[in-house]
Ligand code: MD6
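Given next, in structure tokens, is a single chain: the form predicted alone.
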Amino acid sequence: MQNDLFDNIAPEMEELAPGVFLFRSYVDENVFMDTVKSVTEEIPFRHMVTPGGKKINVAGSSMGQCGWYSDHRGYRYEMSNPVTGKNWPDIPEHIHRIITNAAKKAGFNNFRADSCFINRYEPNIRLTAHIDQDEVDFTQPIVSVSLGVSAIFQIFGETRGGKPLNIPLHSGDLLIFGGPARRLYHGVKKLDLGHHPLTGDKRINLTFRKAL
């Protein structure tokens, strides 16, 4: 439930739970998709592996000062692409402005992302419940932008079990989770078969973080 302060500052924003803020149809899908295409032309989507050697079902790419990475050495942020040795593409300044302004509306005044992990979901692929814990400062939120086929984002509690908060996310939606929600388990339900003119049968998700 929004309070009067948020009604005045960001009437487009809905607070779904403590620290969880949803902005429906908030971003220009084409602008963000152009950025995704530019980044993945340089750093193509790829399936990384867990430290135990298991293939990660959701393919990823990165932009920013650092990029999230996983292989036999563990989960971590890398300052350059381990495959090519080149720096990750920069987050465009016009994208920074949109993300930073949304975070301010949700009460996170000092957020400026230094990393963005771009996920590509195929039909019937899900993201299992997990906690993002490779970042340095957990007072900083995570800002997520959805493109393409709709999905159900799930927030659990301090464990993977229990009934989750299910949040339908559609193309152009922006979701922020921070504060008391930052260290909760979360995931994405199996992607249903669907079609979107921007992405075909796929979903693209950009997660902006202050990692360093």
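Keep in mind that this is a model prediction, so the values were computed, not measured. Don't overthink the numbering: it's just position in the shown sequence, from 1.
There is another form of this protein, the form predicted in complex with the named molecule, and it is not shown here; the text below is about that form.
When the named molecule is considered in the predicted bound form, only one residue from H130, R112, K104, K86 comes within 4.5 Å through any heavy atom, namely H130. Between the named molecule and the residues T100, N119, N81, Q140, the one pair within 4.5 Å by heavy atoms in the predicted bound form involves N119.
In the predicted bound form, at least one heavy atom of S144 sits within 4.5 Å of the named molecule. Shown alone here, L191 lies farther than 4.5 Å from the named molecule in the predicted bound form, counting heavy atoms only. For F177, a non-hydrogen atom is located within 4.5 Å of the named molecule in the predicted bound form, even though that partner is not displayed.
Though the partner is left out of this view, F153 does reach within 4.5 Å of the named molecule in the predicted bound form, counting heavy atoms only.
Partner proximity in the predicted bound form, defined as non-hydrogen atoms within 4.5 angstroms of the named molecule, places exactly one of 30-38, 46-54, 180-188, 59-67 at the interface: 180-188. No residues of 60-99 lie near the named molecule in the predicted bound form, the criterion being any heavy atom within 4.5 Å.
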